[in-house]
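Same protein, same chain, two forms; see structure 1 and structure 2 below, as structure tokens.
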Structure 1
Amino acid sequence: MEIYFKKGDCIECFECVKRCNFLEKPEDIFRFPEHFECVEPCPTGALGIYGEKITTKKLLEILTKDIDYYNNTNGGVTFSGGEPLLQSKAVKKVIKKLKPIHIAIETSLFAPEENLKDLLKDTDLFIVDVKILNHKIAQKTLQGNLKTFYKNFQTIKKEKIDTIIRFPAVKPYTFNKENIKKLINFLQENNIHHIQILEIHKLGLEKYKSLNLKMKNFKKPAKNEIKTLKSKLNERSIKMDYLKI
């Protein structure tokens, strides 16, 4: 849970200031990120909270409302991020109550192996996000340990669980010469013949601003660069889907 402030929606009524003795103006809320109660009086939603704490019981109530829909359409439930493996105990409780509905988990695999093993038995599909495959850069940029990623991936592979590989095309972080080469090697070494490439966007820019954060500078690859990547993959009998936002 995080407090946000959208300056453009503020009408300067200062109801938040009246509520909180620590604020002189709405922007001061970033100095007191734990003061969730101070955003409640805002009449326009300029001050608010991103995220919501929810119990497994409440989540099950929400998900089971659509049980008939899942059954009639062969649909299911996907747990995505953040990182669902970091909440494996809670996710497992929910999954156990949802079965035999199809369960998918989208993950970076940057989580303890025991967390993954908690969920192996009841997961039908893993959607694995492959990003940076240089150990030092992955640690610095993603705070992720590639040794953990590779070990967890081999665990999934050994169990022969259906897996989709996704790769966000982000220049210069993931979409660069070295990382593309490592990605192709990874796919070949693991006998993977299909990958989904994700087009990136900056739809989160306003959200970053509302959290008083600065978005990193990045851009999406040009059409000819995506075409070149597809050709390289085709040469190695790897099918590529480019998923656009």
Structure 2
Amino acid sequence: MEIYFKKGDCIECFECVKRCNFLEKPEDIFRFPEHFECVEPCPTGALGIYGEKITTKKLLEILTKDIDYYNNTNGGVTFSGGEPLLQSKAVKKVIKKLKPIHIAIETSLFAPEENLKDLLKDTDLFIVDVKILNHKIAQKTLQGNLKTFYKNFQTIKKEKIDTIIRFPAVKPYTFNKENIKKLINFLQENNIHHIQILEIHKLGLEKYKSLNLKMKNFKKPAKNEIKTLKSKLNERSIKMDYLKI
């Protein structure tokens, strides 16, 4: 859970300052990230909390409200980031009860193997984020162990569970010669014939601002670079979708 402050929504009523002796102005809240109760009096929601602690029971209650809609629209429930595998015990509890609803898990696969095993039985689809396929760089940039990634991927493959591979195209982190080459190798070795490439977006900009963080300015590949990638993939009979938001 993290406290945020959206300056645009603040009406300067200073209800938060009245509540908390440490604040002189709302922005000061960033110096007191544990003061969750000081956020409460804000009438407009300019101050608030991202994230919520929720019991599996309550989560199930919310998810099952819409169960008829899932059934009638080929819908389902997707657990996504953070990293659902890091909360596998709780997720397991929930999805067991949601069945036969279609369950998808979006994951980086950077998580202990036993966590993955918790979820194998009841998951219908894994959406696997592939980012950096160089051991050292992955460790440094993503703090992820590629060995774990590969091992987990093999486990899913063995179980023959549906998988979608997603690859965010970010220059220079993921979209560089070496990494693309490794990506193609990975796809071929695993006999994968479909990949979704994600265009980077700035949807998180406001969120970053409200957390007093700077968003890194990532670069997206040029149109012709995407085109080249597409033909490279197609030559190897891999279908590519470029998803934009």
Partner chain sequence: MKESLINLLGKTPFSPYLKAYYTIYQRDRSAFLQTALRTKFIHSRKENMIERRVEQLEKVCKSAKIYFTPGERFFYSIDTRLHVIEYPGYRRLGNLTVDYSMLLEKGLDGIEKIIDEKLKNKDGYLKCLKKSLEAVKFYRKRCIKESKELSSILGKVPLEPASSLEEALQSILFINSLLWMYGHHLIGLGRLDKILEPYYEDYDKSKELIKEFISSLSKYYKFKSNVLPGDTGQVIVLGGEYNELTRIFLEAMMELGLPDPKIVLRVNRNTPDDIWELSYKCLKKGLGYPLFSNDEVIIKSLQEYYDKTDAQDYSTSACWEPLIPGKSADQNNLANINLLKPLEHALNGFSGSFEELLEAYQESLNKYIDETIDAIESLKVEPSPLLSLFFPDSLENAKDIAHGGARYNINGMLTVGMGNLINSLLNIKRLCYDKKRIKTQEILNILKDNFKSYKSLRFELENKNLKYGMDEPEVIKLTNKIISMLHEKLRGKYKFGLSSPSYLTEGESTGASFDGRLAREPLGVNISPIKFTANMSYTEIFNFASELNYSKAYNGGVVDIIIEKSLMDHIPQKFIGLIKTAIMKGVMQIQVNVLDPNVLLKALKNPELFPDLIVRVWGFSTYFKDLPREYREIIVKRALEYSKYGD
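We call the rigid core whatever largest set of C-alpha positions still superposes within 1.5 Å between the two forms. Numbers given to residues start at 1 and step along the sequence of structure 1. Just so you know, these numbers come straight off a predicted model, no measurement behind them.
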item: Label of the structure corresponding to the form predicted together with its partner chain; value: 2
item: Exceeds or equals 2 Å, Cα of I226 between structure 1 and structure 2, core fit; value: no
item: Large Cα shift (2 Å or above) at K239 between structure 1 and structure 2, core-fitted; value: no
item: C-alpha positional change at C13 between structure 1 and structure 2 - rigid core reference, Å; value: 2.7
